[in-house]
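Only one chain comes next, encoded as structure tokens, the form predicted on its own.
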């Protein structure tokens, strides 16, 4: 997969969480995912397509991290992954994809976006539509880890 597709998503997630949740996030070392099981407890996934490429982005959060992000962004204490938290994951996924879409358009890639879907539950499955390798980038925060999965084919 072209690294041009990865960096816009990384900078977009860091921008969203730094500005909206006042949370410092540090990317880890990317690796290729070997199965379909999510690394987190709740995932937002969204499809993107253009004339040049198609693929999906998934943002998967551990329960501890998404509860802290939701608390910081909404100013309310949440104790479990509920409808409010799932809505937050969908919004974050949308904001990240929108930010990446803007950066990618500067490189000549003009994507249409789908509506994000949210999947919750321990060991849930994430199915990417592309046959390309799935690149996972782990992120570290003061509340724990979360992960981005990027899967695009040209």
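Keep in mind that this is a model prediction, so the values were computed, not measured. Positions refer to the first chain, counted from 1. Note that the rigid core is defined as the largest set of C-alphas that superpose within 1.5 Å between two forms.
Note that the form predicted in complex with another copy of the chain isn't included here; everything after this is about it.
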Would residue 151 count as touching another copy of the chain in the model of the complex under a 4.5 Å heavy atom rule?
-> yes
Even though another copy of the chain is not shown here, does residue 112 get within 4.5 Å of it in the model of the complex, heavy atoms only?
-> yes
Is the gap between residue 70 and another copy of the chain in the model of the complex 4.5 Å or less for some heavy atom pair?
-> no
Does residue 130 reach another copy of the chain in the model of the complex if we count a contact as any heavy atom within 4.5 Å?
-> yes
Site check 48, 90 and 121: each within 4.5 Å of another copy of the chain in the model of the complex by heavy atom = yes
Going through 55-76 from first to last, which residues have a non-hydrogen atom within 4.5 Å of another copy of the chain in the model of the complex?
-> 55, 56
Superpose the two forms on their rigid core, then report whether the C-alpha of residue 101 is displaced by 2 angstroms or more between this form and the one not shown.
-> no
Core-aligned CA displacement of residue 130 at least 2 Å between this form and the one not shown = yes
